[in-house]
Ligand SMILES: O=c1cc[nH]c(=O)[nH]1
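Shown here is one chain on its own, the form predicted alone, set out as structure tokens.
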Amino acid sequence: MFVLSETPSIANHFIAELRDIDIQKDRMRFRRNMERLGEMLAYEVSKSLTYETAQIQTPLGVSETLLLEQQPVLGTILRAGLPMYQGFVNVFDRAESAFIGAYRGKPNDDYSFDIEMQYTAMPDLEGKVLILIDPMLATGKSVIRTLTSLRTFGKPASLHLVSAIATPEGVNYVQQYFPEAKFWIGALDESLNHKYYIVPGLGDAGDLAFGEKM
């Protein structure tokens, strides 16, 4: 598991602004900070992928370099994942994309909930690198629901899960079902509250990026 905030870098400024209740009022800046965090995590993920040697003809000669052996599939959970997904697209600009409409259903009396899933647009995943982007990994239920449904589209060669904020509970829950997954996280927070929201977290990423839903 890679946690970006564990290393001092400018990324901590972006995470701090994502959390700040005053800066959050600027939706455009919230989306841009999430996008920039996505770009930084995309760069980190890129270091773990497979490359092949290629020769590039320049005006003055030939340059030998390493190029991606295979472009990944970038998947995101709507709608909260869109800004962070855009950061990944900015880096992996030739990647295929996948979109999943998964969200928390109406809470029960004990605040537990089921995951509703009503939309999927997915390329063939067989033998490919799948990067699933979900900015808030709280309980892990939406990730499990999504990955389970994606099995009908083929088995990826490798699986990367990306979140801006995550909890140990969410990570552990996903690892029980998908031990092969590699986690790339902006910040790992303390816990979940009684309503299963991340503490200290940053609130509802979808609402902060696009406005409150009815």
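All residue numbers are counted from 1 along the displayed sequence. Keep in mind that what you see is a predicted model, and the values were worked out from it rather than measured.
Another form exists, predicted together with this ligand; not displayed. Remarks below refer to it.
- This chain is displayed without this ligand, yet in the predicted bound form the stretch 130-138 from 83-91, 67-75, 117-125, 130-138 comes within 4.5 Å of it by heavy atoms.
- Proximity of Asp204 to this ligand in the predicted bound form: non-hydrogen atoms within 4.5 Å are present.
- Proximity of Ile15 to this ligand in the predicted bound form falls outside the 4.5 Å heavy atom cutoff.
- In the predicted bound form, this ligand lies within 4.5 Å of some heavy atom of Ile198.
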